[in-house]
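Just the one chain here, the form predicted on its own, laid out as structure tokens.
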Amino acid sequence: MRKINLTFFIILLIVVVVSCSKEEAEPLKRVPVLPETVYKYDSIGGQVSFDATAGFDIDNDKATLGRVLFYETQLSMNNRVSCGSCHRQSAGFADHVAKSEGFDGKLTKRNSQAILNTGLQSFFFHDLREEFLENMVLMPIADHIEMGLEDKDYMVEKISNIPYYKELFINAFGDSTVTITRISDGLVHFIRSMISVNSKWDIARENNFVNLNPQELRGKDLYFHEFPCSSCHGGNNLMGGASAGENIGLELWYSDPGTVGIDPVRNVPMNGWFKVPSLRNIEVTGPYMHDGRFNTLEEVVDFYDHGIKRHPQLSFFLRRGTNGGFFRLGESPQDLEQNLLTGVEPLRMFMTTQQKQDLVAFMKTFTDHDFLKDPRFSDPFRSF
């Protein structure tokens, strides 16, 4: 009987001690841990012959502030998510899921886009609705699904009441005053500094492609000559022009219409036009498309190979008669024009298995591994 009582009291004592410990323990505090010497965000590595900043002067102290703000969960309504929750460095600052989870558990309307080389872009979001990065950086914070801080005064109040921002604002602006403009400015400097120019492809372009293996070289020829990939995904940033929208025939009719406006050919409301993304770091930025419907690059290639739908507003680059800008053998310019204006015949590429593998291998040379692990862009917060 004494053994039973002793055991009972020992168990009771353990329960009391554990309970008291839980009640007395302070919750972990999440604070940024920054290097003693400010990171050089204005320093760009890699062998490149173009200006990825587009002439924008990056301030290191403002970018440091922006880094903390980018990963700050207190910029959401209930302190649950940050910009970095939906734009993860390991995913090329996209996300690993088709739709990201907002502050109250609801899913975003569209797939999170990768962040890189914003100086080479002129419009933002899948539907190209915002021209200025200064405005764009605040919109997800205020979005009712993503972060929920629709009241900008409350946004300022929250940041003003966090002690570690005092020094960051002083370093960036000369005093500790928090304003919407300064929050935006910090985020812009940080995001502008997210420059990816050191992929295997970048090195190849500067060195006559000697670092590409035979499969990658075959894929390069397919990408630029055999198929129309580079018609939309060309240029220094692998996205054609600075920013453009195209309808790639994912559906015959899109429930999400994408870009608002009028189809310039048919003079009807646009349906299914979305921003052409950069293919830099495409290996790690899946799931793919505005709705994240494809999980792998192989699925994407299969779609372009034989899955393009006959949408009446289909991109000219993806119609029969065009192949990276080239006419089909025996097709006159007049025949091509008639086809483009009166009938939609989606391009069918009919790739071999080897061609698909070569194309995917080449696109993987767009991965900038230094960018994906650069400590300047990493989450500075630690819990104590």
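From 1 onward, residues are counted along the sequence shown. What you see is a predicted model; the values in this text were computed from it and never measured.
The discussion below concerns the form predicted in complex with a small molecule, not included here.
J.: For Gly92, is any heavy atom within 4.5 Å of the small molecule in the predicted bound form, or not?
T.: Close contact is absent here: in the predicted bound form, Gly92 is far from the small molecule, nothing within 4.5 Å, heavy atoms only.
J.: Using heavy atoms and a 4.5 Å limit, would one call Phe317 a contact residue for the small molecule in the predicted bound form?
T.: Judged by the heavy-atom cut-off of 4.5 Å, Phe317 is in contact with the small molecule in the predicted bound form.
J.: Within a 4.5 Å heavy atom cut-off, is Thr108 in contact with the small molecule in the predicted bound form?
T.: Close contact exists here: in the predicted bound form, Thr108 approaches the small molecule to within 4.5 Å, heavy atoms only.
J.: Consider Glu134 of the chain shown here, and say whether it contacts the small molecule in the predicted bound form, taking contact as heavy atoms within 4.5 Å.
T.: Result no; Glu134 lies far from the small molecule in the predicted bound form.
J.: To verify the annotation, which of these, Met270, Cys86, Ile159, Ala204, has a non-hydrogen atom within 4.5 Å of the small molecule in the predicted bound form?
T.: Residue within 4.5 Å of the partner: Cys86.
J.: Pick from Ala172, Val284, Ile141, Val178: which has a non-hydrogen atom within 4.5 Å of the small molecule in the predicted bound form?
T.: It is Ile141 that has a heavy atom within 4.5 Å of the partner.
J.: Determine which one of 162-170, 257-265, 206-214, 115-123 lies within 4.5 Å of the small molecule in the predicted bound form, judging by heavy atom distances; exactly one does.
T.: The contacting stretch is 115-123.
J.: Using heavy atoms and a 4.5 Å cut-off, decide whether Lys62, Arg182 and Ser196 all contact the small molecule in the predicted bound form.
T.: No, none of Lys62, Arg182 and Ser196 comes within 4.5 Å of the small molecule in the predicted bound form.
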